[in-house]
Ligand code: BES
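One chain follows as structure tokens, the form predicted alone.
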């Protein structure tokens, strides 16, 4: 790894001893809530003087051995360093001359930040337990001893031992399964945050020759119908940016406690069930995760300071997929709503988090609208300045040039300058866009006639109480609700009588509505606030609801009471973020 790519969020020393492969053999114990077994790390040693250093977080290390051949192992000298609250602790292993493999026998702890163990009652089917991982940003180290940096790419194999009635899945090719033993292999090098595991009562439905959906049996039919356009999406991106290089593109619908909308694990995107709206209006999330197969998985940020390289390009491509499959108006509406979210969040962010190239002590705190939407606006500015065909050709060349590599912002800018900017007369203010706070005046702004009309309906309702004749898409509903000023209780009641918003099954609309209901102190919505917070763990939804409740003394009491019950069902990542909102 070049010196300028040194990852401050990893203890690892890949510039001296680099992990190149990982072979896992792990048993999932739902009773103990642990993964236990071994990880064999294939390494490259720059010199015989330096130890191997990998990241761990609260792993129970039983033994460490080294080998030159991978067949016979000898006991190794190893130490665990001081534990950092964010980074965990370094595992340092002496590697004698000729060492090519290091075997670590270990177990994760029940509270591992990258794993969530669900009881049957916390799943859709209510009959079997469920386990899933979430490694991004630096949570792989909580269940794998590894150089947990996006700049270190590894191939991996895995043998997973699970209860016989359950199915194990990973972000890798299936190599066989029998009697509760599942084998996987990923022959293409990926960073540790893209290693993924799920174990549960799962079935599969094909969506095309190389696409399909895994879900619990009670969810599978709805999920398959909602995401039936997956093959069209893959074809649309290939036409723009080159072939899909990961074999299959499957989707796993997780239980609702999953803390994110989706996670772009290669070959197997993890997704929240909250995007199943019944009308495909929220499948932009799938377009986003699919786009990561080019931006993020194929070409990866080398450090989390370069996170915008993953998300900015991906958000741009997501919108292009939406345009190709669902039309220009759908894409425009999504752009307008994304820009509003960015403007609102940037008004609250400290300046050091407003730049695209930005570092945070905890990389999870860098997951804001800035790398996503500001990053996509940068790419859209390139498109507006140089033309779509020129930028499409540039992006295709970019993905080909850096394929299966992890790169820094500096490397991207050098390529951008050479392959695009130097060939054009018009100039882009790179310093302002990449390294400075705020949103430059040159940022493109999308418009949508449909959303303009909806905004006028919101203004009319606020002024006169006129109920709109609404047969709206999800995006139009979100525009209406977001455009409303703070409502009186009577106004909230009128809207709910007209549209039964408190009972809607669309999670995006419901979340916006419940925030309005809390602000208006609309009591009939409070039972739904509680049931929603008790049943969904997606941070995008639960964080603003808790924040809204915490604005009044009565709301604080309600928030604390709900959170005390809901917290055990949230993923550790969600627990950490909500803990900061709902103070003791």
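Just so it is clear, the structure is predicted and the values come from calculations on it, not from any experiment. Numbering follows the first chain given and starts at 1.
Beyond what is shown, the protein has a form predicted together with the ligand; the following relates to that form.
K.L.:
Between the ligand and 28, 171 and 199, in the predicted complex, does every residue show a non-hydrogen atom at 4.5 Å or closer?
P.N.:
Not one of the three qualifies.
K.L.:
Choose from 257 to 265, 429 to 437, 94 to 102, 178 to 186 the stretch whose residues reach within 4.5 Å of the ligand in the predicted complex, heavy atoms counted.
P.N.:
Among the listed stretches, the partner-contacting one is 257 to 265.
K.L.:
To verify the annotation, which of these, 474, 507, 137, 385, has a non-hydrogen atom within 4.5 Å of the ligand in the predicted complex?
P.N.:
Flagged contact: 137.
K.L.:
Which residue among 484, 234, 118, 285 has a heavy atom within 4.5 angstroms of the ligand in the predicted complex?
P.N.:
Contact with the ligand in the predicted complex is made by 285 alone.
K.L.:
Heavy atoms within 4.5 Å of the ligand in the predicted complex: does residue 528 have any?
P.N.:
Outside the cut-off, so no.
K.L.:
Is residue 320 a contact residue for the ligand in the predicted complex, using a 4.5 Å heavy atom cut-off?
P.N.:
Flag for residue 320 set to no.
K.L.:
Using a 4.5 angstroms cut-off on non-hydrogen atoms, would residue 292 count as touching the ligand in the predicted complex?
P.N.:
Residue 292 belongs to the contact set for the ligand.
K.L.:
At the 4.5 Å heavy atom threshold, is residue 543 in contact with the ligand in the predicted complex?
P.N.:
Output for residue 543 is no: heavy atoms all beyond 4.5 Å of the ligand.
K.L.:
Along 307 to 324, which positions have a non-hydrogen atom within 4.5 Å of the ligand in the predicted complex?
P.N.:
Counting only heavy atoms within 4.5 Å of the ligand in the predicted complex, the contacting residues of 307 to 324 are 307, 311, 318.
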